[in-house]
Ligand SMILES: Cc1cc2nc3c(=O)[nH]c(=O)nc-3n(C[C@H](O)[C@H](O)[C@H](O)COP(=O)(O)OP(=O)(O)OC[C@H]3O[C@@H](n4cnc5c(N)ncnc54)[C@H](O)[C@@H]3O)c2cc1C
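One chain comes next, on its own, written as structure tokens: the form predicted on its own.
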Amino acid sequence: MDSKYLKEECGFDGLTVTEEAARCLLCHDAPCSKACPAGTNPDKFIRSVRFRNYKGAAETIRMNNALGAVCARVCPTEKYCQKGCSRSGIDRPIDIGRIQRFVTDFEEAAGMDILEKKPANGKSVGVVGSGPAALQAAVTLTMLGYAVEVYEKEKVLGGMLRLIPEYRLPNHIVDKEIERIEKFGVKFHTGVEVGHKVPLDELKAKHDAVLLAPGYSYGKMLPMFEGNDKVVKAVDFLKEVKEKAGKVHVPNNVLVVGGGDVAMDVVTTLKLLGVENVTDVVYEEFKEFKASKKELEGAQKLGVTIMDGYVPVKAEGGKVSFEHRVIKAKVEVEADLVVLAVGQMPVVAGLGIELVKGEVNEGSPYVTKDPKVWVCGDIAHSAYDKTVVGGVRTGKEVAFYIDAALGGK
């Protein structure tokens, strides 16, 4: 195992964060804040950092985003807040992610207790799942005065956050965020599989509303790879590596199929674990790549071989044949291990989910045909992509819909 897997990229210190904040043009109508799905207002907390008001900066972040320390590390800022940064026209955008990380690290070191809630309203909400959307919804509902209980089928909390590699998102950061949420008053239950061991009707009888946020936690399998003992799903691979802190045995010749952020996490993890030959074959061509630019560039710098525009057509053990989507070209790759990163899916058996499409409840993507049951996160018909910050946004939104339905303002 290469210890690089456990090393997080260095952040700002007190001097460098002030220098970076000083580059901000203090735009009157800041495009960075308009582009933040979580509504965190980067212009406001950057201004606070500029004048060394770290406490005020932490309050701005935390009151808008219950997972502020997580998003500071994994949010694809180049797609959101930094994309429209006015500074880009001069040299480069402000490094908003690392400024946010400095502030949330300060918040933790100072032992700040920022979140506030309204008096209890006597009503309760049960939340199924503990990924980003579920955690944010639980916090927002608690802020609004509800008693919230979270039911997680796994033994640990965090959902997809537990799949993000250690070098990007250390486990202790996730632990601290959940610890803060629990201290705020959210009650957690682990090892509870709603829909199977615990009927959904039981939660409906116990709570005034039930929110389902199971997430896309299961990896997809292509038919040609079924039953192949040389093949593992990306989510299973990442989960094992994270649980074992990188202490896993991986062969020196690995093929990865897929080109999204999960695939980039896999290839980068393999390289940091010391794997010599990592080949990634991707359906998309580089001009239509789904992975974030930062993650793609990071993988390329580590020496990952990436072949774009190819579709798998045949698999036999570790030998996989591909054909190009556009040009007349074929390629065959033989590896000791094949990791499939071709998307994820939810498992909702027993939950009775039937999403309502169309203009229902002012077009809310979070309703079901059961007025007492709501959905959010990956399984909702939401316009936001399946990122942590997208989950935070849907968690906040569904909390306000639930509040309105239960008599809130």
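Quick caveat: nothing in here was measured; it's all calculated off a predicted structure. When you see a residue number, it is the position in the sequence shown, counting from 1.
Note that the form predicted together with the named molecule isn't included here; everything after this is about it.
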Q) With a 4.5 Å heavy atom cut-off, would you call Arg168 a contact of the named molecule in the predicted complex? A) yes
Q: Classify Asp280 as contacting or not contacting the named molecule in the predicted complex by the rule of any non-hydrogen atom within 4.5 angstroms, answering yes or no.
A: no
Q: Would you please decide whether Glu107 lies within 4.5 angstroms of the named molecule in the predicted complex, comparing each non-hydrogen atom pair?
A: no
**Q.** Thr140, heavy atom within 4.5 angstroms of the named molecule in the predicted complex
**A.** no
Q. Going by heavy atoms within 4.5 Å, which of 315-323, 158-166, 178-186, 301-309 lines up against the named molecule in the predicted complex?
A. 158-166
Q) Using a 4.5 Å cut on heavy atoms, which of Val128, Val339, Val148, Leu270 is close to the named molecule in the predicted complex? A) Val128
Q. Since exactly one of Val367, Ala30, Leu351, Ala58 fits, which has a heavy atom within 4.5 Å of the named molecule in the predicted complex?
A. Leu351
Q) What are the residues of 287-303, in order along the chain, with a heavy atom within 4.5 Å of the named molecule in the predicted complex? A) none
